[in-house]
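Next up: just one chain, as structure tokens, the form predicted on its own.
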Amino acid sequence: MTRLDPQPWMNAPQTRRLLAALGEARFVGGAVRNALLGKPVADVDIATPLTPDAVQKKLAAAGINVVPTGIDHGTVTAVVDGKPFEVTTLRRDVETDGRHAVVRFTTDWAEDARRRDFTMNALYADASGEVFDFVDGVEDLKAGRVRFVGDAATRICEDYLRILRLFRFHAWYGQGEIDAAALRAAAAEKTGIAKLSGERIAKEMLRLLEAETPAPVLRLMAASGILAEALPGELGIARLERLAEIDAANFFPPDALLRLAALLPHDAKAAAQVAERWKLSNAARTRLEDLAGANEKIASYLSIREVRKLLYRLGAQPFKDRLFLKWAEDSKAAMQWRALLAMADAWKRPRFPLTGRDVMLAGVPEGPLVGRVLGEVEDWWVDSDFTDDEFSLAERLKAVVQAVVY
């Protein structure tokens, strides 16, 4: 019998209160999987044979807030003292179209397990830590084998997102070669990816890019024709691979969007197309397009003065983004790149000492000329490495005013 070691999330007051309110319930999926592997657990999902109506009544009686987030599929979100838990009724799929499923509720734990995607995700554990495994998921987990529950093609045709999930899970949990049957089925059904929403594709692909070593899986996806369905065009997998190696060597946390920028060609139009297809947020889209169209000179041998100028013009984060991408192209100069990164982290933006009022006091009438004069003086100030010499600033202002106004 497999049993989980005591886990903080299992013994947390919110968890105990929720299980006590439900009565019959087990932990399921990622929490059990990661706990068995000794990996961090973020979300704690609960499975129960209780119907959604019964779940809501029991939780309400216990004073627990309930949000019917996916009630048609048997899922509610229980918020216990500020902590959310997904609680889902055991179910089986009765109709699927590759994107959505019609479900029927059941009280059979094994039946619920058989409708899940991978064996390592079909593991349950009770409050004492005893693990219930109906599909040999524990053995697959130990072996690093991402295997579909039952027939791979059947599972994929139920939801084409499982093609991308196969590669994401292999990047995170797989060891050795990918499961051959799963790969064949994924390649055969790859055109089904076009039926998926951009948001679902983005979620899986960005999580894949956050893996410690995503490049081998991306190469496998490219070789099987699957990657082009989610991310068309000529891709820089080698540059992404070097960026991931830099992260690992320096203990930098993975930045999925930066890794996506490393993967894409240096083309703002291509970045915009990906952002549109994936329905990225405005902030993510702006950042991706900015990096794809960047043409500033960023090199490991930049002088301190050049770095300060770029930091002022770009801002710290855009500068660091460009630095990482250039570092991935020139990974031999690691010490110099780290020094530049330290400068960016320590940089504080200087305040330009002049205002529009100063310009008008110098004889420029109110209007667009004020901004033009101010901009020219600011350019000189930046080029002078942000001088704090008041006399020099005043003289430069006077010279610009004479050249522009008179």
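Only a predicted model underlies this, so the values are computations on that prediction, with no experimental measurement involved. The first residue of the shown sequence is 1; numbering continues from there.
One more form of this protein, predicted in complex with a small molecule, exists but is not displayed; see below.
Just one of Arg322, His73, Arg200, Arg239 comes within 4.5 Å of the small molecule in the model of the complex, counting any heavy atom, and that one is Arg200. The partner is absent here; in the model of the complex, the one residue of Asp290, Asp159, Asp133, Glu229 having a heavy atom within 4.5 Å of the small molecule is Asp159. In the model of the complex, no heavy atom of Glu378 sits within 4.5 Å of the small molecule. Using a 4.5 angstroms threshold between heavy atoms, Gly30 counts as touching the small molecule in the model of the complex. The shortest heavy atom separation between Phe169 and the small molecule in the model of the complex is within 4.5 Å.
The small molecule in the model of the complex is approached by Arg165, whose closest heavy atom lies within 4.5 angstroms of it.
Of the candidate stretches 229-237, 200-208, 139-147, 175-183, only 200-208 has residues with heavy atoms within 4.5 Å of the small molecule in the model of the complex.
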